[in-house]
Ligand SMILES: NC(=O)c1ccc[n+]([C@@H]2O[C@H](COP(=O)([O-])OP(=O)(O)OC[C@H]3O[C@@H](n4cnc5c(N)ncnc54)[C@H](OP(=O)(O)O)[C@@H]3O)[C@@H](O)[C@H]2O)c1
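There is one chain below, alone, in structure tokens, taken in the form predicted on its own.
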């Protein structure tokens, strides 16, 4: 299927690893020119090289901190400078610290809001004129926690809801020129899950990596965790002409693990 986005330009934040990197790779494989982003320059450049292996367009690495307003402005400016346009904005960010409510400080709350919400606010504000110019897309990568609260993740459960409210608002205010959608990932075999499983194996919780990964998948109807590229391909679809009537939705990508009807 031709996604019709060959030659477009995209900025994908927090894409030096994990699901952001997978989204960048899927877009690059469709011929999109992509700016990838992360704070660690060495890891970012390694990720850019990985994405270039599947790319049919250009891939540019731009380091920056999502909580720094100057850095988010520079990310958008770099994309337009490199490619002459910005057609697709894909926002991703690392998760806030885990923990129960009474152990969560005011500083934790403000830091989580700055990372998860204000980064998207600033990026969209800077990107809006470019996205509107020729018609573009916004895709926010959030979490299944916006559908169902997850134990000990009070910050993610609470703060990520704001991103969904923003995405829905943008889908109305920016239409028809710009479509805005969200994806809600469940467990995927990213480096983070690999690290957690390996730590559990070292503690003696599991006999080996495979049994640990199987435990992560125990409540998933498809009986496995997702592969990052499976989420990346959905992001690319939402950026594409093939999804031209999809706007203002939040799509769980969790193998059917969610119990919510909506």
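Numbering follows the first chain given and starts at 1. What you see is a predicted model, and the numbers here were worked out from it, not measured in a lab. In this text, rigid core is short for the largest set of C-alphas that superpose within 1.5 Å between two forms.
The form predicted in complex with the ligand is left out here; the points below concern that form.
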property: Check all three, 20, 92 and 143, heavy atom within 4.5 Å of the ligand in the predicted complex; result: yes
property: Heavy atom of residue 26 within 4.5 Å of the ligand in the predicted complex; result: no
property: Contact of residue 190 with the ligand in the predicted complex (heavy atom, 4.5 Å); result: yes
property: Residue 136, heavy atom within 4.5 angstroms of the ligand in the predicted complex; result: no
property: Contact of residue 45 with the ligand in the predicted complex (heavy atom, 4.5 Å); result: no
property: Listed residue that, although the ligand is not shown, lies within 4.5 Å of it in the predicted complex (heavy atoms), from 53, 207, 70, 40; result: 40
property: Of 159, 115, 123, 182, the one that lies within 4.5 Å of the ligand in the predicted complex (heavy atoms); result: 115
property: Partner-proximal stretch of 207-215, 191-199, 53-61, 232-240 relative to the ligand in the predicted complex, 4.5 angstroms, heavy atom; result: 191-199
property: Threshold 2 Å Cα movement between the shown form and the other one for residue 49, core superposed; result: no
property: Core-aligned C-alpha movement of residue 234 between the shown form and the other one reaching 2 Å; result: no
